[in-house]
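Presented below, as structure tokens, is a lone chain in the form predicted alone.
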């Protein structure tokens, strides 16, 4: 897996954490469980730094998908997209696909082969 793919996955994880901290219902539930939700600014700074390391075209593609999906980049499991669970065509598994991010033809999410 390329480093930019790892960066993008880490960026998605940060985005999910930021969303959970900002969401009032989720943050209240987490606080009731004893978690202290501080450090939003630290998360946002880390996101900015990480986003600057991702190639601009890939970042734009990810951010458009992230507007529609909570999880925009996913691994392939077996021969299925873990976003929509559609079976992927055999052409998806060419040697180039093992290095590059691919797009699910059904849901449009970014996919990688772990």
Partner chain sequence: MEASKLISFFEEDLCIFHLRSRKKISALTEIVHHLALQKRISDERFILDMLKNRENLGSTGLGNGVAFPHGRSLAIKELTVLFARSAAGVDFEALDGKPTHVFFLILAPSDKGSETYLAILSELIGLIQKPAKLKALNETVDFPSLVGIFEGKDD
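Positions refer to the first chain, counted from 1. On a predicted model such as this, the values are computed, not experimentally measured, just so you know.
FYI, the form predicted together with the partner chain isn't displayed, but the following is about it.
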| item | value |
| --- | --- |
| Interface membership of residue 73, the partner chain in the predicted bound form, 4.5 Å heavy atom rule | yes |
| Contact of residue 30 with the partner chain in the predicted bound form (heavy atom, 4.5 Å) | yes |
| Contact label in the predicted bound form: residue 39 to the partner chain, heavy atom within 4.5 Å | yes |
| Residue 54: touches the partner chain in the predicted bound form, heavy atom cutoff 4.5 angstroms | no |
| Listed residue (59, 43, 88, 65) with a non-hydrogen atom within 4.5 angstroms of the partner chain in the predicted bound form | 43 |
| Partner contacts for 13-32, taking the partner chain in the predicted bound form and a 4.5 Å heavy atom cut-off | 13, 14, 16, 17, 20, 21, 26, 29, 30 |
